[in-house]
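Just the one chain here, the form predicted alone, laid out as structure tokens.
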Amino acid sequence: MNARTSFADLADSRRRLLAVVVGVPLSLLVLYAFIYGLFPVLYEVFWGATCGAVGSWLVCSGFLQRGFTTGLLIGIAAPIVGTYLVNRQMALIGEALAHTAFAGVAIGIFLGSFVEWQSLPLFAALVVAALAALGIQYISVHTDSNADVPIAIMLTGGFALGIAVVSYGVAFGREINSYLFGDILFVPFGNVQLMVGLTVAVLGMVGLTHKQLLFITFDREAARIARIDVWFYDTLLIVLTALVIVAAMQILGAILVAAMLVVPVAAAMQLTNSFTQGMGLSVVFGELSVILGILFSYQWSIATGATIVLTAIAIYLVALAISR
């Protein structure tokens, strides 16, 4: 009986390994084909039809089309990941990764003086934020420090590294300021495509691991007893958070980006006790915050990132008043 069980486990492990070896490259190939083949066509068709139907410069301007697209994708991905973070009392980790991602942007801009690649700052931010996420997870697991200690270290250290790189060889120009404070005018189409890829990756991973993430969120000890790899899924969630942070920096900036992970979720939690309904409602609030924030920004000539966050907070206050 034991031999049969061992053989079955071995066969199952081989099937999983084969699925990973074949499935991951195939998924990446399909994602690449969608981002650089199909998405530009869908983008032109959608915005062309929208511009023709509405006729307003708000939907006919190329820079606003790119900003709206990026913002709407942020409004989906950030609250979904944020729902797990808020329910696990890890809201501040987004702030730490945002400051660390700023260091990656500074490194990318510095390297951009030697290598000409438009998306290099975002790619560098993605790498640095992912490494920071792994570092936070390693420190929290392998030391006796409280959970907020590695977050505080990354928050202050990441921002300090970014300032050090900027002061060494990068001027505080429009590019670095746009990543620090957010700028809808600065989103090139290549970064929109990168945002599409990150959003699809985040949604795909959440869809595949939702049961495990949900289990760990509400009962970590029971998850360990059920032989779920808690460390792996903790790390996965933090890395997904890093991906969302990097993507959202284009519009919200490093200083405000963590708000989209927390505020729409906090608003949704005032109106429902269901995890699934809360996640769906937080996405709705995130989308409303982005759309209304961009419109208010251009109506009153206020910074777009700040307006989006203030709109999200206003929605939270309304939800709080309704719940009372």
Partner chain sequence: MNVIEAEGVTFAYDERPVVEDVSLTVEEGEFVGLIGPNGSGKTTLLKLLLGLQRPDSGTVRLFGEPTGEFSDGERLGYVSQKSTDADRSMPITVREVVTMGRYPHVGLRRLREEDREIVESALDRVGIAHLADRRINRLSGGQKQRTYIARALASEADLLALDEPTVGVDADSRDRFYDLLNELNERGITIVLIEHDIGVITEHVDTVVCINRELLHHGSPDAFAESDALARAYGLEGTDSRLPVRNRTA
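This one's a predicted model, so the numbers in the text were calculated from it and none came from an experiment. Residue numbers count along the first chain shown, from 1.
Another form, the form predicted together with the partner chain, is not on view; read the next lines as being about it.
Residue 217 is the only one of 178, 137, 217, 199 with a heavy atom lying within 4.5 Å of the partner chain in the predicted complex. Think of it this way: in the predicted complex, the partner chain has a heavy atom of just one of 160, 115, 141, 222 within 4.5 Å, and the residue is 222.
Exactly one of the stretches 267-275, 26-34, 291-299, 45-53 approaches the partner chain in the predicted complex with heavy atoms within 4.5 Å, and it is 267-275. The closest heavy atom approach of residue 167 to the partner chain in the predicted complex falls outside 4.5 Å. Heavy atoms of residue 235 never reach within 4.5 Å of the partner chain in the predicted complex, leaving it off the interface. Taking non-hydrogen atoms only, residue 87 approaches the partner chain to within 4.5 angstroms in the predicted complex. Within 4.5 Å of some heavy atom of the partner chain in the predicted complex lies at least one heavy atom of residue 212. With contact defined as any non-hydrogen atom lying within 4.5 angstroms of the partner chain in the predicted complex, the stretch 280-317 contains no contacting residue.
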